[in-house]
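Below, in structure tokens: the form predicted on its own, a single chain.
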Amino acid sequence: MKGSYLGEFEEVILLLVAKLGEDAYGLAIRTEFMEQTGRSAAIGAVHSALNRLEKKGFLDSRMGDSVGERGGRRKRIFTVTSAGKSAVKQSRELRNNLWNQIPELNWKGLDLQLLWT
């Protein structure tokens, strides 16, 4: 496995692959990314992230069946590996640990909802 660091974009892509299941292919992942985050993403950026995640051992891919709507071209379907599940879990634990270390006093008068929007 090459590197275990997850960037924010990679983490979101990995989570979306898990969410989409059998429908986790490039264009569907991009569409879901834009719907979930309200941000745009080039299909090339999504494919680059998918390839990086596969090189790191966090994703596996296989070719799906050919479909008429794609002119007979097959979709490359992605699935999260056990290493990918572990990486997401570690990332979540790190973030939660950091949030738990912030003294409540530092947040006095600050609307925490603003931090997530």
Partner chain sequence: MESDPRAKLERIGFAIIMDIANGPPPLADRILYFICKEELHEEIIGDLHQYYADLSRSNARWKRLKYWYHTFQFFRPFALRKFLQNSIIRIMVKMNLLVAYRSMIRNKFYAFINIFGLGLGLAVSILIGIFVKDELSYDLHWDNHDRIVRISSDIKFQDNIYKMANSPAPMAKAFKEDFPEIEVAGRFRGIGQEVINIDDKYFTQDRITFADQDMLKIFKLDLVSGSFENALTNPNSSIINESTALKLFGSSDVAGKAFKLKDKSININAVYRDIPANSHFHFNVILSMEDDPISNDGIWLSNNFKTYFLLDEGASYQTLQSKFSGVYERYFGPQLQQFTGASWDQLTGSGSYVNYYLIQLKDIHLRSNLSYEIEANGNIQYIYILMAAGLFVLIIASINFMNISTARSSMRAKEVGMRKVMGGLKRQLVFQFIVESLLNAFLALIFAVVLTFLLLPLFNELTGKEIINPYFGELWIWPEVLTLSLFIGLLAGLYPAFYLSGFIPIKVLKGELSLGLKSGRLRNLLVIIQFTASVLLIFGSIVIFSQLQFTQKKSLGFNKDQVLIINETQTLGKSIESFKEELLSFPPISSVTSTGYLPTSGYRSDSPLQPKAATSTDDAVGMQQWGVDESYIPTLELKLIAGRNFSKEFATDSSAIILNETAVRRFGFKDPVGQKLKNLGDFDMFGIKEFEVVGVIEDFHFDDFKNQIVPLGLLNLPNIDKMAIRYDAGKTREVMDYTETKWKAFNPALPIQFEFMDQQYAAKYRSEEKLSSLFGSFAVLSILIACLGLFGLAAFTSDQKKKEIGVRKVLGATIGQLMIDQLKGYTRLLIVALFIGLPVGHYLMSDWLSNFAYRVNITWIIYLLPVILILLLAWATVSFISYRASVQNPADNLHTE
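Positions refer to the first chain, counted from 1. Here the structure is a predicted model, which is why all the values come from computation and not from measurement.
The discussion below concerns the form predicted together with its partner chain, not included here.
The three residues S48, V67 and R76 all sit with a heavy atom within 4.5 Å of its partner chain in the model of the complex. Contact check for G38: every heavy atom lies farther than 4.5 Å from its partner chain in the model of the complex. In the model of the complex, at least one heavy atom of G26 sits within 4.5 Å of its partner chain. In the model of the complex, its partner chain lies within 4.5 Å of some heavy atom of I43.
Residue contact with its partner chain in the model of the complex: K56 places no heavy atom within 4.5 Å of it.
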